[in-house]
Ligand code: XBP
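Shown next as structure tokens: one chain only, the form predicted alone.
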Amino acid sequence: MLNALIFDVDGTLADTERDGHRVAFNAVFREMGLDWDWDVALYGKLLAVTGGKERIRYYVDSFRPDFAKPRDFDDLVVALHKAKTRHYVDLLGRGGIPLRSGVKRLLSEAREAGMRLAIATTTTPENVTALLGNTLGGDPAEWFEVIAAGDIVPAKKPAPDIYFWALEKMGLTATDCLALEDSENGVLASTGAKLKTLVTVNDYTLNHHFPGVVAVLSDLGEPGQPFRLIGGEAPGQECVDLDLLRHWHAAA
């Protein structure tokens, strides 16, 4: 029986990467006097690495061999990431990043039906709280009983550790749950934890590989604004609801 839904955040609940995190990173780089600029194409390459601090290090190592790392480089990375979070939260507060199609509708349906909800993400708890508070309203804890975020586990996605942590906190097994992801690294993490997984792609993940998932969609869809089926099957549906999630969970 399907008892819980576990959601990724960035790219799954909202298109936060291109128009949120990337914009905030660039604002901080300018603020700190760095000549770094992450355009849309470059940021797509940087998304191969999960975690903001890890992404900064990857950028310097792989794309800026001319940058002379200061002795306190690790402290600089932490400071950049902290300042980026401030810019990102400000952007959210101005309503700059809406939820993706169908997300609020499905969350509301699940909540009203008593379905247990959780978050499993590599982004910081501050980012999660800001996004959910500004899009859903109220305390995120009223919507999600567990928010597994940031550095609570050492190994980030594609490692499955964040999902194991969430399952343990909820007292559930993988067979009780369905994960919702948007990227190859996310799917590696969720399926690595033996979770059945639904994928909704975005501009950055259209060409990723998603073996073993229940379906791949363009988004969750709305009445009159149907999702596009990319992989799997969705009998007679134009938007994802609890009945369809239960169908996929049972059939997988």
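Throughout, we count residues from 1 along the sequence that is shown. Keep in mind it's a predicted model, so treat the numbers as computed, not measured.
The form predicted together with the ligand exists for this protein as well; it is not shown, and the discussion that follows is about that form.
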Checklist entry - Among Y43, Y204, F227, Y58, which has at least one heavy atom within 4.5 Å of the ligand in the predicted complex? => result Y43
Next on the checklist: Contact with the ligand in the predicted complex for G51, defined as at least one heavy atom pair within 4.5 Å: yes or no?
Outcome noted: yes
Next on the checklist: Although the partner isn't part of this model, could you tell me whether H81 comes within 4.5 Å of the ligand in the predicted complex, counting any heavy atom of the residue?
Outcome noted: yes
Checklist entry - Would L47 show up as a contact with the ligand in the predicted complex if we use heavy atoms at 4.5 Å? => result yes
Checklist entry - Hey, in the predicted complex, is V9 touching the ligand, heavy atoms inside 4.5 Å? => result yes
Checklist entry - Out of 124-132, 100-108, 68-76, 137-145, where are the residues with a heavy atom within 4.5 Å of the ligand in the predicted complex? => result 124-132
Next on the checklist: Given a 4.5 Å distance limit between heavy atoms, list every residue of 16-43 close to the ligand in the predicted complex, or none if there are none.
Outcome noted: E17, H21, F25, Y43
